[in-house]
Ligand code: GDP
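The chain below stands alone and is given in structure tokens; this is the form predicted alone.
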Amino acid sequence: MAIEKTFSIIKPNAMKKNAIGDIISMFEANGLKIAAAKLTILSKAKAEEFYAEHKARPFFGELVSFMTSGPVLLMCLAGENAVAKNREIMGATDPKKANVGTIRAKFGDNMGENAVHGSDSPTSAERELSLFFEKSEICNL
């Protein structure tokens, strides 16, 4: 099977919990590799562009404020069925509904501050990766 790439963000609340190593270990233990990574603080403009599909929703402003409130780790994850595998490892969006042992169950605080983001499709992954990484920054593993 071909190697697929997906986009992931370790969000500010998980960063504050110093959970980077634990989260990356969970990806790696499940067959995903880090093909690119950047530690950054998102600008308001970049967060608004990234979450543009939610612009009309009532939580948009709160989401942008949260995502710009501290450092985030942006990553390209690579592996077989990377999109689906990452979503499985992350767990349900609501940490209270996420399966035990998933990232969101372990490190998420609530629906908005759920520790991680992961692309929901290969198309989304391509769009999201292109917002944060140049092709030359992503390693072919």
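Bear in mind that the values here come from a model prediction, so they are computed numbers and not experimental data. Note that residue numbering follows the sequence shown and begins at 1.
The following text describes the form predicted in complex with this ligand, which does not appear among the structures shown.
Visitor: Which among 40-48, 72-80, 26-34, 59-67 is in contact with this ligand in the predicted bound form, heavy atoms within 4.5 angstroms?
Guide: Comparing against this ligand in the predicted bound form, the contact stretch is 59-67.
Visitor: Flag residue 87 as yes or no: does it have a non-hydrogen atom within 4.5 angstroms of any non-hydrogen atom of this ligand in the predicted bound form?
Guide: Yes, contact at 4.5 Å.
Visitor: Could you tell me if residue 52 has a non-hydrogen atom within 4.5 Å of this ligand in the predicted bound form?
Guide: Looking in the predicted bound form, residue contacts with this ligand do not include residue 52, since no heavy atom lies within 4.5 Å.
Visitor: Hey, in the predicted bound form, does residue 93 get a heavy atom within 4.5 angstroms of this ligand?
Guide: Contact with this ligand, yes.
Visitor: Are there residues in 98-113 with a heavy atom within 4.5 Å of this ligand in the predicted bound form, and which are they, in order?
Guide: The stretch touches the partner through 104, 111, 112.
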